[in-house]
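First comes one chain, alone, set out as structure tokens in the form predicted alone.
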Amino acid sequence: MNRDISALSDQYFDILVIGGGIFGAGVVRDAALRGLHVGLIEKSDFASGTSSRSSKLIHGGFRYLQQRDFKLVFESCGERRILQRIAPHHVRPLPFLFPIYKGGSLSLAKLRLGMTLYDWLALYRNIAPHRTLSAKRALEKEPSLSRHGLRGAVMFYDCQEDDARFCVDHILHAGELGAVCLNYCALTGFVTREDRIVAARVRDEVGSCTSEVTARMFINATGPWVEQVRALSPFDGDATRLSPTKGVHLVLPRLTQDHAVAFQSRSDGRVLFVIPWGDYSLVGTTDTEFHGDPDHAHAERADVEYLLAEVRALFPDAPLSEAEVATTFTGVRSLLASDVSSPSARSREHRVVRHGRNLLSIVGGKYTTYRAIAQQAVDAAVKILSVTAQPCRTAEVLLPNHRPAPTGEKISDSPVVYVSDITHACEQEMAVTLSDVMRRRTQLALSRAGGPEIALQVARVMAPLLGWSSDEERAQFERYAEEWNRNLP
């Protein structure tokens, strides 16, 4: 799919989607499958915000049972089942162990009861029902777990995916269906007439030109930036507001053999994860108040120290110093504002809010339920537009796998990335910057292979493909190296 800025200004869309994260990607694919003429703009790269900085899980959210949010868990379990069916190459079963230790606030009996409810809310259609393991059996499964005070464990299943790749493939499929999707196109304002938006003012961050994009309906799917976009219109919606939180993950050497591990923090009782990721483990996530610019969210020393302390207690024999942290990544959750003081206890539910005649905003939500959220938003748009459209088909139509079989020279051994992967990203997937390839078209940046040495090799491959001068190649490398260093502990 080529990046053609003129394709935006030359057409009149039924819907223009603002935001190229998983919510926007879900909306544009849904609308395209219904036969609507739809466009999408993203101010940076697709999935460059929280949609490439999650825990890489499609999960039912068993930890929300503690908040008695049974509706959300039920919906999440149903969506997990749908996503396994439509994208089995992306959404893969992942076994979890949840060890229980003496002195913790969660007992083995209480966890078993919760997991029974979890299975029930999944209508017993999970990969397998949960199992209770003795302490001895749990250590046989994962010998590196702390033995001190271990009472036993529960084994259960959720699913794992590459969040950025999953999002990009939705964008690519929408393009194949006729949608016009462009990254590095920033919304600068709206053109309004009476109580209606008639066009979006857009600045092309690559070509530095501006244009107006006309549409009958506009959907604001920008996650933690949703209030910034809404403020560009003169129309008020309801009083729905965000209360964002920050989630930090560490990338550490592989800590487990075959399982992910969910465990209760010893300092504050939160549920944390250790998730296998190739030769590495993802450890997270924090959940703290965030009041800054989501573009500049990063891991602070307190975040790193908190996660390292918790994982050291769980794996006491692992050599876990700051030097072992390959990198970190940080996302901002766009949670609905509430009077709940604890960030971890805030709802992951969502609302679709209307402003004026033809602007909708998606407020709140979680990655796992993106498809259902997109369906609700497109349903609302179709009703407002009073157009004839096909029913939602995203629960049945398979998501194509756009990644071709690799050929030729390897760039790095861990993870394995080929020159052909980079070529395909530049020529077919609208990769514009070095960071696009390192972080979102490949998994290089979530490993030690994401450092300057490999980045320099990737930049050399990209330069002739994208027509970079030597100065631009150097500038791309320097910008990425600065970003890489910023994410080191």
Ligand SMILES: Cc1cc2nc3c(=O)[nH]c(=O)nc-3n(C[C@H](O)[C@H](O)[C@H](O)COP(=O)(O)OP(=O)(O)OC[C@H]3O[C@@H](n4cnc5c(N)ncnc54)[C@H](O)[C@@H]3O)c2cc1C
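None of the values given here were measured: they were computed from a predicted structure. Numbers follow the displayed sequence, beginning with 1.
Same protein, other form: the form predicted in complex with the named molecule, not shown, and the subject of what follows.
Within 4.5 Å of some heavy atom of the named molecule in the predicted bound form lies at least one heavy atom of Trp225. The closest heavy atom approach of Ala221 to the named molecule in the predicted bound form falls within 4.5 Å. A residue is said to contact a partner when one of its heavy atoms sits within 4.5 Å of a partner heavy atom; Arg439 fails this definition for the named molecule in the predicted bound form, lying far away. Using a 4.5 angstroms threshold between heavy atoms, Thr285 counts as touching the named molecule in the predicted bound form. Of the candidate stretches 408-416, 210-218, 129-137, 327-335, only 327-335 has residues with heavy atoms within 4.5 Å of the named molecule in the predicted bound form.
Residue-level contacts in the predicted bound form: of Val251, Leu187, Val154, Val311, one residue has a heavy atom within 4.5 Å of the named molecule, and it is Leu187.
Interface residue among Leu33, Val432, Leu57, Ala463 relative to the named molecule in the predicted bound form, by the heavy atom within 4.5 Å criterion: Leu57. In the predicted bound form, the named molecule lies within 4.5 angstroms of at least one heavy atom of each of the following residues of 9-40: Ile18, Gly19, Gly20, Gly21, Ile22, Phe23, Gly24, in sequence order.
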